[in-house]
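The chain below stands alone and is given as structure tokens, in the form predicted on its own.
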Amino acid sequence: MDPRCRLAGLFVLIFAYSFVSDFRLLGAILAFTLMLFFMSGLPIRFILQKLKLPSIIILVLVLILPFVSGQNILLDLGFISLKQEGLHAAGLIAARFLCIIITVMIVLHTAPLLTHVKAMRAMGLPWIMADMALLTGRYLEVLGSDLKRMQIAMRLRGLNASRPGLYMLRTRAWLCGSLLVRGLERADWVYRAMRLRGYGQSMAAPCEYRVTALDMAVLAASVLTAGTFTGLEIWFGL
């Protein structure tokens, strides 16, 4: 599928998900997201691994809201009460979070980063932002590789990075500082090398993508689905 149509269709769906606030539509968007996930061919274990970190961040909010937000009490535990409005808000946040995050993962992991950046460049993204996206993606991988090597070196010297304590906190601070300094030096070297090779002087490459009838049909189906969710949300809200 043309990556421009895929990006446009999936991001339209993301904005439609964020607009949904009626519980009657949550099951529909969850089912549609699961259908997209199975069509993408991504393994379930891969998605679960990627969901760990963002889920921790949202989990705190989802667990706190039912007990602090709202006035209608569903369950009184004495020192704390489960409230209807907070439970409703927590369910909405959790469902929309899962739908949006899984859809973003489908966008990011069904094609290489270079393909996505080229597609966004063909859609009008400024060249400087496209280059920044490519360099950021590339050097996040480099920093991750450097971090693994430094952690292996620490373990070989008898340091247990998982051990709590002030000493290990100071060691982790030195580790992060070293990564930042090395990253800054590497960025300066790359920038000098790019300038020496005439960076910023060449003309933009022509678009290499061609939209087919199937691409337009899939994009139209995505827009129609997003429009249906949005229209039903407005209808239920009347």
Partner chain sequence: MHIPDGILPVPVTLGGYAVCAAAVFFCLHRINKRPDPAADIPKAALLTAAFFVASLIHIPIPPASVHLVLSGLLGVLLGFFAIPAILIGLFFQAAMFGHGGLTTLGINWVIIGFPAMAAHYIFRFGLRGRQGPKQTATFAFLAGSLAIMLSVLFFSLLLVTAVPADLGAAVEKTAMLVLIVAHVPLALIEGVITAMTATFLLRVSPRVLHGV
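Residue numbers count along the first chain shown, from 1. All figures in this text were calculated on a predicted structure; none of them were measured in a lab. Just so we're on the same page, rigid core means the largest C-alpha set that superposes within 1.5 Å between forms.
Heads up, the form predicted in complex with its partner chain isn't pictured, but that's what we're talking about next.
Remark: none of the three candidate residues (R4, L34 and R45) comes within 4.5 Å of its partner chain in the predicted bound form, counting heavy atoms only. By the criterion of a heavy atom within 4.5 Å, A213 is excluded from the residues contacting its partner chain in the predicted bound form. Taking the partner from the other structure, its partner chain in the predicted bound form has no heavy atom within 4.5 Å of any heavy atom of F38. Heavy atoms of F15 reach within 4.5 Å of its partner chain in the predicted bound form, making it an interface residue. Not displayed here, its partner chain is kept clear of G27 by more than 4.5 Å at the level of heavy atoms in the predicted bound form. Contact annotation for 99 to 137: residues with any non-hydrogen atom within 4.5 angstroms of its partner chain in the predicted bound form are I100, I101, V104, M105, L108, H109, L113, L114, V117, M120, P126, W127, I128, M129, D131, M132, A133, L135, T136, G137, listed in sequence order. L134 is among the residues whose C-alpha shifts by 2 Å or more between this form and the one not shown once the rigid core is aligned. Once the rigid core is overlaid between this form and the one not shown, P112 does not reach a Cα shift of 2 Å, moving by less than that.
The Cα shift for M123 between this form and the one not shown, taken after rigid core superposition, is smaller than 2 angstroms.
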